[in-house]
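Here's a solo chain for you in structure tokens, the form predicted on its own.
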Amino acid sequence: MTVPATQAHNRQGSTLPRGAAPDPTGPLAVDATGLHKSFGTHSKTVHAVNGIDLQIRPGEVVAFLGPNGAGKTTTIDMLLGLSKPDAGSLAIFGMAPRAAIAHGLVSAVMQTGGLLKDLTVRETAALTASLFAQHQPVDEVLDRAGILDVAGRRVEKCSGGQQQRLRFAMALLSDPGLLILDEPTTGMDVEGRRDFWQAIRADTARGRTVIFATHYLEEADAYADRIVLVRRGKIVADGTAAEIKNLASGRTVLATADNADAAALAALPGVDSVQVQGERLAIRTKDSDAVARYLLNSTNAVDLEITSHNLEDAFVALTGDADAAAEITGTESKGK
């Protein structure tokens, strides 16, 4: 059965007050400096994490994005104390990861994992709660996860979205300071995703810290305070969604014209690419004004529109992986 990362050690008890959010003026939720992690032999070594520096304050919601093989899973494994860095330092709320886990300060909700299908939703949560020295009331966390109304339903009768919310409820039982989410809204409909993120936002208002991976780029755009882009074991961008978008230079000029010369457009200063689909044009350029002047003065272009690059454009530009833009959080192999 899938359980929060806290369960393995929480029987040791906690010296920290339960139910209290971490002090924003206290230690960083995550303080990683110069993290390195390699796999393989001397003749063939793969540097999965190659010098990551990451500081996250309590209460932040951080999207951790990157193409397959970027080092995301390896970094998360180190945050969860599942592996140790070869070099560098890592602290969770001022403690070693395993110590933070022992104090019930970290929980993880993974994309997949076994749930006991014959148990009801409430029985699953109650069984998980029994593994903690102290825990939040079962019905309270089911309500916060939006599944109290199906508490008596057997897990096998729950939808994929309801099962994912159950994993979220299980993670909340220890009232952790740090939640690590892998594809948290997989299987949820649009309304379910919105309700889920409203619950997450309510938690972060109390000081909860969230790190999440998602293949819904619009989700990262809408809900993350920060977006961290990783490529080949290194952080290539770290900032707000607006700041990340601005790192992808240029704009796209869209227009409809039946007499446009694609070669002439491509030859204009600052033009990166020209796409023609019938009469519809899409020109990526660093000088949108020059392209607009050409279209208006030299063609019969109508419906002209100039747009800034979106998060998908920035992702492709910064990670160099066009194929990963639609699916950016598949679990990478440690040998990649």
Partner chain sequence: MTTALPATGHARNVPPFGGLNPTLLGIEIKRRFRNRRTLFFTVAFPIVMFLAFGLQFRDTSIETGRTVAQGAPSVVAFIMISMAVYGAMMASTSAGGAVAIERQLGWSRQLRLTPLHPVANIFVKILGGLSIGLLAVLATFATGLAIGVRLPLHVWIVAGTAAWLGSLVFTAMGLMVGYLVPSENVMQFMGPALAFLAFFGGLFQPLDTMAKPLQDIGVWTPTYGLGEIARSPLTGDAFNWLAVGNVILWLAVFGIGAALAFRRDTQRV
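Numbering follows the first chain given and starts at 1. Rigid core: the largest C-alpha set superposing within 1.5 Å between the two forms. Note that this is a predicted model, so its numbers are computed, not measured.
The form predicted together with the partner chain exists for this protein as well; it is not shown, and the discussion that follows is about that form.
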{"item": "Contact test in the predicted complex: Asp189 vs the partner chain, heavy atoms, 4.5 Å", "value": "no"}
{"item": "Ser130: touches the partner chain in the predicted complex, heavy atom cutoff 4.5 angstroms", "value": "yes"}
{"item": "Partner proximity in the predicted complex: Ile101 to the partner chain, non-hydrogen atom cutoff 4.5 Å", "value": "yes"}
{"item": "Proximity of Gly113 to the partner chain in the predicted complex, heavy atoms at 4.5 Å", "value": "yes"}
{"item": "Position in contact with the partner chain when the complex is considered in the predicted complex, options Lys72, Arg251, Arg208, Arg193, heavy atoms within 4.5 Å", "value": "Arg208"}
{"item": "Option touching the partner chain, based on a heavy atom within 4.5 Å in the predicted complex, out of Arg226, Arg154, Arg232, His215", "value": "Arg154"}
{"item": "The partner chain in the predicted complex: contacting segment from 133-141, 215-223, 252-260, 237-245, heavy atom within 4.5 Å", "value": "133-141"}
{"item": "Heavy atom contacts to the partner chain in the predicted complex at 4.5 Å, residues of 154-178 in sequence order", "value": "Arg154, Met170, Ser174, Asp175, Pro176, Gly177"}
{"item": "Flag for Leu178, CA shift 2 Å or larger between the shown form and the other one after aligning core", "value": "no"}
{"item": "C-alpha of Gly146 moved at least 2 Å between the shown form and the other one on rigid core", "value": "yes"}
{"item": "Post core alignment: Thr204 C-alpha displaced by 2 Å or more between the shown form and the other one", "value": "yes"}
